[in-house]
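Next comes just one chain, in structure tokens: the form predicted on its own.
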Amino acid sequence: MQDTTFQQIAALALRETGQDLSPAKTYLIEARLAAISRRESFASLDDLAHCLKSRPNPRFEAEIAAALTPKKTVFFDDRDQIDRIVSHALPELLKASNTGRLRIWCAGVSTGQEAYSLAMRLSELDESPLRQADIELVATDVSGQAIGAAQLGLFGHFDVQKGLSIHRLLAHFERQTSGDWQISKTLREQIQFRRHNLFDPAGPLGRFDLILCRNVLPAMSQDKQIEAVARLNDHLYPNGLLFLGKDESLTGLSEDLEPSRGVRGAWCHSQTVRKTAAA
């Protein structure tokens, strides 16, 4: 890959999805764009870059940027966090609700394991006020291909071995003749999967009581992280909670959000923001 090709693709990724690609990671660019390059019959990424420059196509550019985003996701990646959300955060949010309705957003969900893990955990509740709640679960990703895979809910044997117990596998999945496992139709229908870029306007998705945005921000430049956090903030109800990935922090990225005093690992609107919203 020529240096000019890397610079062009890196600039595209930064503009479209905020990713800060390092020259040391050119192998990742080649690996993540290999399928698109083969599909379009490009002999090399240099040819792909030439096509982008000579025949600008916003849809194709967006597809390339989405393909470059990290796709690492496993079932029940952070069990403790999911348990805190289901056993503490959501019941507390439900108490504060006067509608009995809760909206949850999984942002940057990739192929859906995070959203399905939460849906499984919610379906397993026995004695909980959440059983009677109207819970809307929305999951988004910038990659249309990833969202299509998430909607299908079909996972290979290697995927279901990571994070899933045998009990959950047998309870929530059906073995296919191909050897793959498909998550139950009941759980698939509980989640609204949509293609969405974090840098798009907040309007279409609306606002949420709880947002999960795990392992998305670290791949971005700091300026883009600040912009993305501001977008997430726009989607959060005044009393809502935001959860990030393990070891992630909003320190230095937002003055409007602060660590929650009531829910470990969550972020909420600062006191100043809450007072302003209530006024």
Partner chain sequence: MRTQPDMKHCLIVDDSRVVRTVAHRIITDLSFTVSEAGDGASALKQCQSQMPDVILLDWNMPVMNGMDFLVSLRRSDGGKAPVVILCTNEKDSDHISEAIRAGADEYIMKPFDADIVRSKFDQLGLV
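Keep in mind that what you see is a predicted model, and the values were worked out from it rather than measured. Positions refer to the first chain, counted from 1.
The form predicted together with its partner chain exists for this protein as well; it is not shown, and the discussion that follows is about that form.
- Among 146, 164, 94, 122, the residue placing a heavy atom within 4.5 Å of its partner chain in the predicted complex is 164.
- 79 is the sole member of 194, 101, 207, 79 with a non-hydrogen atom lying within 4.5 angstroms of its partner chain in the predicted complex.
- Contact annotation: residue 152 falls outside 4.5 Å of its partner chain in the predicted complex, judged by heavy atom distances.
- The closest heavy atom approach of residue 88 to its partner chain in the predicted complex falls outside 4.5 Å.
- Contact check for residue 130: no non-hydrogen atom falls within 4.5 Å of its partner chain in the predicted complex.
- Residue contact check for residue 187: none of its heavy atoms lie within 4.5 Å of its partner chain in the predicted complex.
- Look at 136 to 144, 101 to 109, 114 to 122, 165 to 173: in the predicted complex, residues with non-hydrogen atoms within 4.5 angstroms of its partner chain sit in 165 to 173.
- In the predicted complex, the residues of 127 to 158 lying within 4.5 Å of its partner chain by at least one heavy atom are, in order, 157, 158.
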